[in-house]
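Take a look at this single chain, the form predicted alone, given in structure tokens.
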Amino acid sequence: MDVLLQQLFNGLTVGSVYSLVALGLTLVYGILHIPNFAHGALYMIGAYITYTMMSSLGFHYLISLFISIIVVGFISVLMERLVFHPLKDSTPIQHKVAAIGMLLFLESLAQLIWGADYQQMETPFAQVIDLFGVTVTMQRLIIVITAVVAMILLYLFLKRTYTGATIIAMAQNREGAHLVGINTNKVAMLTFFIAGVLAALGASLTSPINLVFPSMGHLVILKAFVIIIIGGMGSIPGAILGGYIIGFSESIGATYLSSNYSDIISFALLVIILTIKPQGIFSKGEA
């Protein structure tokens, strides 16, 4: 039972990070209706900025995290303005090529600046505590709490504010939103900013318990795509639920099956769930 509780908490930790990344990806998909492959690169850049602020400039972890999410948010906005906005009337394949190009560019830039070596990020929250019989580190607890708070704040922003309502309206019908007076350019920029913030937040939270390296976003973005497909493309509740489904499944599967199969479990779940519900758990209309 102790092992099961421990793995459930680990799954909660991993699922929280997956959900944050998938939320940003599904928001962008709702606006552009194309998969943003460069989202994983934003995740990686967020980790490196936090690492640099701490190791080179001596900033506290929390200050470094805040700087990272702001900087990556603006990088994401620049990506939208300089890459995706000029292609808004182009074919979907051109958007995909542009996103892959940005992914490769940002990874090459990171390798040029920080090198290809793996880096370890320190954390001031390395204390180990006993929580209801489960041994956890403060960093993992902070990951769960911060992710849940961020998701609640995002939900309230989208459901309770006019600006959030414009994002949902534009995701449902971009042309219709423009016709009723919504500034679609500003909404697109805001959406990309939020997506960048969520990617950087997820990376900065999990990097102290993992490693930082140029290709760290590859597996995460693959899992994020699996999550938003399982949850329903463009669905915010689906991204959150899908993230935790994958997180718990991988953690428990790695314990009771083999850690070698932890990544395969995600794709096996994708096949099973799509066989039962081809549209995903939630349709886009329920976002």
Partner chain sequence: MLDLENVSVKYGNFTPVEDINIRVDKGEIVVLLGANGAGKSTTFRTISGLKKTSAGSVKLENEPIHDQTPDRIVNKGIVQCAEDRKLFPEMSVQENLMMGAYVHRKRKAKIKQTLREVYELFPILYEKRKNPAGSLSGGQQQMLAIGRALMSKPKLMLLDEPSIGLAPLIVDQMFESIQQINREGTTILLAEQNAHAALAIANKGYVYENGKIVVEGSSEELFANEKVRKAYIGA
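Here the structure is a predicted model, which means the values were calculated and not measured. Positions refer to the first chain, counted from 1.
One more form of this protein exists, namely the form predicted together with its partner chain; it is left out here, but the text below deals with it.
Student: Quick check for you: of 195-203, 176-184, 147-155, 69-77, which stretch puts a non-hydrogen atom within 4.5 Å of its partner chain in the model of the complex?
Tutor: Within 4.5 Å of the partner lies stretch 176-184.
Student: Quick one: 162, 169 and 172 and its partner chain in the model of the complex, is every residue within 4.5 Å by at least one heavy atom?
Tutor: Per the other structure, all of 162, 169 and 172 touch its partner chain.
Student: Counting only non-hydrogen atoms and a 4.5 Å cut-off, give the residues of 204-235 close to its partner chain in the model of the complex.
Tutor: Heavy-atom contacts to its partner chain in the model of the complex: nothing from 204-235.
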